[in-house]
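First comes one chain, alone, set out as structure tokens in the form predicted alone.
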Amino acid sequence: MSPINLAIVGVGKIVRDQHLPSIAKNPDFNLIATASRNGTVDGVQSFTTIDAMLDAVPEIDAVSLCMPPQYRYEAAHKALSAGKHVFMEKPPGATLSEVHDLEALAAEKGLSLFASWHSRYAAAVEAAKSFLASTRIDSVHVVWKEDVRQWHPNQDWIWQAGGLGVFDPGINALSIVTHILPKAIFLTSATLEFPENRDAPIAADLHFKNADGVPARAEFDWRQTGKQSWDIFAETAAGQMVLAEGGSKLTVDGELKFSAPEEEYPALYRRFAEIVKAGQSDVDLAPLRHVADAFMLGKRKSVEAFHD
């Protein structure tokens, strides 16, 4: 099979840090165009809108959408309507109904739609999933706390309605939890902290249970300073499991079981190539459903204003 002619929409930090290096190392893809209001890629045809790009470069086979989620539906609909496979950065959309509509359109057109959850491809995630499947789980505790000023400086969109606020990183944790737990969990209560000058939360405290009553808690906070925390703890019959550093390291009762370098985005592009070749889609909305449930059930708490 010839390489997949790929285009990127939205050339920002995540594209330069992760997408471009991953695409360059993957022989299944040939980057031939970009569309972005501000960014370009050397040696690649550049356009300011997806409409202009799709009109000018009909040989595009697939499009990676890397703009904020509030704007993704329109771009994805245009790409699918033009006969292109679509890779959607996380979260795949601003609402569940948008993504369900795109999934139906992709099926109608016989195209591949990929809702990418990069944290699921962290090195130790599959090892954690296997461990939890082999033992009784008594409780789960997620601690996902980072400094928004370090990771998302001056990104106003992320504080707007639909930008998700602290759920932008928190949904990474939820994407892992929904993948590694053998039974589904359901939100029972939540508290969301909104800065008085922002439309999206800066912190969240979520409480879940599964059908057997096993409790799970997730603490998300964007005000962390010093060491950043991206850890998932599980108390089990076989000891305490810790999936640490965003899913890259697994320990059980303090004994290292698995650790490997980060390969999340290369793995995403390998998966995208796989589903395109197979004529399939991969659209798991479990992490986004939990976020929607948090906004539905969560108590809103106003906290002091936040400024970058």
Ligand code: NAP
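The structure presented is a predicted model; accordingly, all values stated were derived computationally and were not measured. In this text, residue numbers run from 1 along the sequence as written.
Although not depicted, the form predicted together with the ligand is the subject of the following passage.
Taking non-hydrogen atoms only, S36 approaches the ligand to within 4.5 angstroms in the predicted bound form. When the ligand is considered in the predicted bound form, C66 lines it closely, a heavy atom lying within 4.5 Å.
The closest non-hydrogen atom of H118 lies within 4.5 Å of the ligand in the predicted bound form. Residue contact with the ligand in the predicted bound form: R289 places no heavy atom within 4.5 Å of it. With the partner omitted here, the residue from K90, K145, K84, R198 that has a non-hydrogen atom within 4.5 angstroms of the ligand in the predicted bound form is K90. In short, of 106-114, 131-139, 224-232, 70-78 it is 70-78 that has heavy atoms within 4.5 Å of the ligand in the predicted bound form. In the predicted bound form, Q155, W157, D168 are the residues of 151-182 with at least one heavy atom within 4.5 Å of the ligand, listed from first to last.
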